[in-house]
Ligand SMILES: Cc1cc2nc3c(=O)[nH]c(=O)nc-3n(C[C@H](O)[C@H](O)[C@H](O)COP(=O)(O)O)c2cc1C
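Only one chain comes next, encoded as structure tokens, the form predicted on its own.
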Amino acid sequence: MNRLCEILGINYPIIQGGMGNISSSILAAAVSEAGGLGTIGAGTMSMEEVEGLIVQTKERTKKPFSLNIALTVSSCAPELLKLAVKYNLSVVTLSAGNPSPYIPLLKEAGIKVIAVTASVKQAKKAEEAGADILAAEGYEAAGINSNLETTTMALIPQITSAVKVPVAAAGGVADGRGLAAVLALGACGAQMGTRFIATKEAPFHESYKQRILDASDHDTMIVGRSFGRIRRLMVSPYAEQLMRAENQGVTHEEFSDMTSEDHHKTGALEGNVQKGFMNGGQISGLISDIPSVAELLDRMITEAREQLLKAQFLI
């Protein structure tokens, strides 16, 4: 059996990435119900908001799902950990910071820990600290990324050669071919964000979904390099405004305000690309339909098996 699936108690080695303040109990539950691991992100939400999301997700599915805590983004990470224990969550994903100090509490409560990493050094430290699974995220991924800018293709084989715990590849996967590719590189599964935006259950603005469907292979852009806060966005008027402001010497505080979760919600939930942004991975150019989550996962597994079978006859 796939080690990642065995540890998480899921059927398919596919994990939904955290989506910050636009996280949805509807989408997370749909992913879990379809056999993957749904995720709700704490983002910068209050404790009350996160607790509400947890309750809503538990009402929609009895299957495992994860709470993603972005350690250096959330102002209440320690309290969120206690919330995960209180509700007996199966999995917690720790990202955007050093997970080591937080892992013991979760492990003591019997909660599986996924640590998001972007380098071999980070991966080794997370494994040593007790992480059960690593989500190794490449430069292709949507949203906030590591300033190391290592691509998924280069990152995954290096990390899987350096650690023993299962690795899920994040960034650049949207179909069965991508899943087959990261499995061939040594990963045990994939974590996806952008692909789940363009699904029937995703409660995001239709213009966001359509922007992904219409995207070419060069319709995402990076902002935040000058501040060490790399973020990959769909090309849009607001994203271009961010780039201009950065080039014109906007302060770190001003840039942080311009890339706040409020502007994220304005773009993703309201479809307002003049005042808000839409996160998007480089894989957007490959996405051309809006299936249900169950249809997507079933199709990906079938495609991955077919691709791996064909590949063995090519060498």
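Because the structure is predicted, anything quoted here is derived from the model rather than measured. Numbering starts at 1 and runs along the sequence shown.
The protein also exists as the form predicted in complex with the named molecule; that form is not presented, and the subsequent description refers to it.
The named molecule is not drawn, but in the predicted complex it has a heavy atom within 4.5 Å of residue 264. Residue contact with the named molecule in the predicted complex: residue 191 places a heavy atom within 4.5 Å of it. In the predicted complex, none of the heavy atoms of residue 57 sits within 4.5 Å of a heavy atom of the named molecule. The closest non-hydrogen atom of residue 74 lies beyond 4.5 Å of the named molecule in the predicted complex. None of 234-242, 126-134, 97-105, 168-176 except one has non-hydrogen atoms within 4.5 angstroms of the named molecule in the predicted complex; the exception is 168-176. Think of it this way: in the predicted complex, the named molecule has a heavy atom of just one of 10, 304, 297, 19 within 4.5 Å, and the residue is 19. For the options 80, 115, 142, 155, the one in contact with the named molecule in the predicted complex, meaning a heavy atom within 4.5 Å, is 142.
Residues of 264-294 placing a heavy atom within 4.5 Å of the named molecule in the predicted complex, in sequence order: 264, 279, 281, 283.
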